[in-house]
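Below you'll find only one chain, the form predicted alone, shown as structure tokens.
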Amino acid sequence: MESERDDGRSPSQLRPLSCARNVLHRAHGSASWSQGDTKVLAAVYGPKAGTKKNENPEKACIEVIWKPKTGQIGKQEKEFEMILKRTLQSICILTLNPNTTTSIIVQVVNDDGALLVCAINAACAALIDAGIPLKHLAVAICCCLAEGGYVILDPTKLEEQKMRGFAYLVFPNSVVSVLPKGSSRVEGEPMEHGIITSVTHGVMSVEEYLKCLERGRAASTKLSDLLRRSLQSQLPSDSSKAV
């Protein structure tokens, strides 16, 4: 049975959202993203000439560097780096700037739950701010499975500790991509239609996962609207950077 949460939200209710671009002076692009008390800064540097070792020089290389709020990077942060890198590779048009590297620095300001999805949303907004060619915008959401079998969205840190399963989901800005009829590629790159990234932890059945997918997709429209509003409100002021 679904019930009201400790902070008064309904199971499908997101925390207050906030997005700002042009927040760092020296980066080529930057953004902050907050969901409740979880906040992440993302900075983009590049594209710079040359690719990293073991990367394909015929495509652009995406590098992600995760910086915790305190201490050294651990196993979980390295996993987050990998997931974030693969997600950004999926939305960037890598054929436009071959043999270059774009670095995305993710700085955790505060972690009160759903940290990975906040980082993905911040990084996507920062790529837009830097003018990096994208196939489409993307938004991420965290769905959790409670012991009672019901789904909650956008958990706090305390709620995360009580959950038996997690699904980190990344959706394209539109479920139906705007493309010429019969086309599924942009600049030689495949387009994503239904979902870009899906990572699960813990225990959940297929039926429970599909329920997470349904709830997450419905809530992703709110995140997309915030990202669009951020773009519309800040596009005219891109010529100046805030310190």
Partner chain sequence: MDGRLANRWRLTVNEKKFIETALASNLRIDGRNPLEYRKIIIKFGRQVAWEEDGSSEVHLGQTHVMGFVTGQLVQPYQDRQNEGMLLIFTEFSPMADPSFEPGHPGESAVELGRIVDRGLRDSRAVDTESLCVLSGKLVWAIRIDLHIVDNGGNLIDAANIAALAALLTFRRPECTLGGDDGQEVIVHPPEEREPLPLIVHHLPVAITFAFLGSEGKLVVDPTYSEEAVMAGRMIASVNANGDICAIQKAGGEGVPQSAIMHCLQLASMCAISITKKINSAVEAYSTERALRKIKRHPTVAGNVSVAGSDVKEQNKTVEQVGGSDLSRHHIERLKLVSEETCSRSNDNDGDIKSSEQGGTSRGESKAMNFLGGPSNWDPYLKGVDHDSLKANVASHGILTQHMEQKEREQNSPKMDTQKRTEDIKQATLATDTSGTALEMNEERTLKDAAKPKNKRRKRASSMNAS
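Positions refer to the first chain, counted from 1. Please read all numbers here as calculations on a predicted model, not as lab measurements.
As for the form predicted in complex with the partner chain, it is not shown, yet the points below apply to it.
Participant: The partner chain is absent from this chain, but in the predicted complex, do 27, 49 and 109 each have a non-hydrogen atom within 4.5 Å of it?
Facilitator: Every residue of the candidate spot has a heavy atom within 4.5 Å of the partner chain in the predicted complex.
Participant: Identify, from the list 201, 217, 67, 211, the residue with a heavy atom within 4.5 Å of the partner chain in the predicted complex.
Facilitator: After the contact test, the surviving option is 67.
Participant: Within a 4.5 Å heavy atom cut-off, is residue 59 in contact with the partner chain in the predicted complex?
Facilitator: Output for residue 59 is no: heavy atoms all beyond 4.5 Å of the partner chain.
Participant: In the predicted complex, does residue 71 have a heavy atom within 4.5 Å of the partner chain?
Facilitator: Result yes; residue 71 sits at the interface with the partner chain in the predicted complex.
Participant: Residue 156 near the partner chain in the predicted complex, any heavy atom under 4.5 Å?
Facilitator: Close contact exists here: in the predicted complex, residue 156 approaches the partner chain to within 4.5 Å, heavy atoms only.
Participant: Flag residue 55 as yes or no: does it have a non-hydrogen atom within 4.5 angstroms of any non-hydrogen atom of the partner chain in the predicted complex?
Facilitator: No - in the predicted complex, heavy atoms of residue 55 and the partner chain never come within 4.5 Å of each other.
Participant: With the partner removed from view, which of 165-173, 128-136, 100-108, 145-153 is the stretch that lies within 4.5 Å of the partner chain in the predicted complex, judged by heavy atom distances?
Facilitator: After filtering at 4.5 Å, what remains is 100-108.
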